[in-house]
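Presented as structure tokens, the chain that follows is alone, the form predicted alone.
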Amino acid sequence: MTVKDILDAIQSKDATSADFAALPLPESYRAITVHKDETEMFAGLQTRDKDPRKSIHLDEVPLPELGPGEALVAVMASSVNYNSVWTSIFEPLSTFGFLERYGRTSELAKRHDLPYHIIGSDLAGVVLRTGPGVNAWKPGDEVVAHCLSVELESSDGHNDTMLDPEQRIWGFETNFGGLAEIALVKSNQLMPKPDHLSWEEAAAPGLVNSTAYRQLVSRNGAGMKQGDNVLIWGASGGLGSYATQFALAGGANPICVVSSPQKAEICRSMGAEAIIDRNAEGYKFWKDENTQDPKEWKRFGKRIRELTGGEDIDIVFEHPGRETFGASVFVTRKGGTITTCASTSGYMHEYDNRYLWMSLKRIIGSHFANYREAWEANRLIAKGKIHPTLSKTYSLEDTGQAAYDVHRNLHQGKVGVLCLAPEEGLGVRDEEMRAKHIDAINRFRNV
């Protein structure tokens, strides 16, 4: 049995659930990995100089054992997120520590502690097998997966699953991720694939769409409301492109910060009007590596008020981190909110606390999304309210280059990876709905 037989079944219009259940599973499959014995390969190099193309491998790996409450999924397409970049350059630390700790939690979890890490936190594909106790999904179901992996054995996780003490990000803090021909997930990670999207389009929103939803819309994040002025850093990027859409769809006013005229044009095409090209306007928030420049914060705040009719920012959608955080705290209005979910320019944030405490501002840490938030975010994709921001697709063999492009910020929106899918454009089930939204679906491809 080979993965080609699985692909043939997926592409067949007649295959039933019973046919998928009867397919013998292959003993091995191809997957994108990093290797434990290479974690020091970039020692001494600056972050920017660490090259994912050198650390990412395409290996043939054995099929993992399927446990209770789990599913094996044939992955038609996946995508590259920043967590895959971090894994590939072993920053801020090697992910093998995550796998070792997870492996110590149970006999079944030992599967994850391997000398290689199969990475990737997005997928669109077809269920092949489900483990004991799985009733909601069956072989042959077309699915996408969110990346929240939790055990839910503690009471802490039952109000908000992101607070579960055993909460992990699949494909980053667990093994058997989505940048592969087959993936192992918990069955409660699965959600219906939107019918009007191709495999690669359906795989692209996952992590970033859910993250942006919690950070900006959910009451666990900023709780955005109509009329809010929302400052969105990197507004045409993987996270920011979804935040911009949520702001526009929710009646807020996005102030989009970008780094080029091309990225500004993408934001305009989404419907945003207030746009700041930080490179063209020359903002330098740091005088040197250790000293920020409050005059630049003030110049930035003045520019924002020019675009908002004199109003300050209600919500800052933060993810660059160190480079921008001082400015973000400063420009937020009295009583406003800064939500942060990442630190792509550095984890050690510095800001002037006087502007936080004396103006009663809030900083909210936001990490991925709980089950309900992930479902809500996917539902908006399925309804055509929010659209994929896929700009380019790579082959599985070229995942290293895809990660390099994301690391060096050479991409727009999201970049996809074809896994089992032999070409782009496959998997569309609702052509009528697709035609209705085709311009929005292709927005990032056409720039």
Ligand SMILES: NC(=O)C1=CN([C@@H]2O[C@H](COP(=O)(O)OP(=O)(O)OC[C@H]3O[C@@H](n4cnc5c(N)ncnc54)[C@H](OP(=O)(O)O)[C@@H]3O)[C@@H](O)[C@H]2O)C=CC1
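Numbers for residues come from their place in the sequence shown, where the first is 1. Just so it is clear, the model here is predicted, and its values are computed rather than measured.
Absent from the display: the form predicted together with the named molecule. The rest refers to it.
> Please tell me which of Gly177, Pro254, Gly238, Pro194 lies within 4.5 Å of the named molecule in the model of the complex, judged by heavy atoms.
That would be Gly238.
> Answer with one of Leu307, Ala342, Val143, Leu163: the residue that has a non-hydrogen atom within 4.5 Å of the named molecule in the model of the complex.
Looking at Leu307, Ala342, Val143, Leu163 one by one, just Ala342 meets the 4.5 Å heavy-atom criterion.
> Tell me whether Pro320, Thr324 and Ser366, taken together, all sit within 4.5 Å of the named molecule in the model of the complex, counting heavy atoms only.
Yes, the whole candidate spot contacts the named molecule.
> Where does the named molecule sit in the model of the complex: which of 124 to 132, 152 to 160, 258 to 266, 350 to 358, heavy atoms within 4.5 Å?
After filtering at 4.5 Å, what remains is 258 to 266.
> Flag Leu231 as yes or no: does it have a non-hydrogen atom within 4.5 angstroms of any non-hydrogen atom of the named molecule in the model of the complex?
Result no; Leu231 lies far from the named molecule in the model of the complex.
> Using the partner position in the model of the complex, report whether Arg30 sits within 4.5 Å of the named molecule, counting heavy atoms only.
Heavy-atom contact with the named molecule at 4.5 Å: absent for Arg30.
> Arg53 near the named molecule in the model of the complex, any heavy atom under 4.5 Å?
Residue-level check for Arg53: no, no contact with the named molecule.
> Does the 4.5 Å heavy atom contact test between Arg299 and the named molecule in the model of the complex come out positive?
Heavy-atom contact with the named molecule at 4.5 Å: absent for Arg299.
> Taking heavy atoms and a 4.5 Å limit, what residues of 70 to 105 are near the named molecule in the model of the complex?
Result: Tyr82, Asn83, Trp86.
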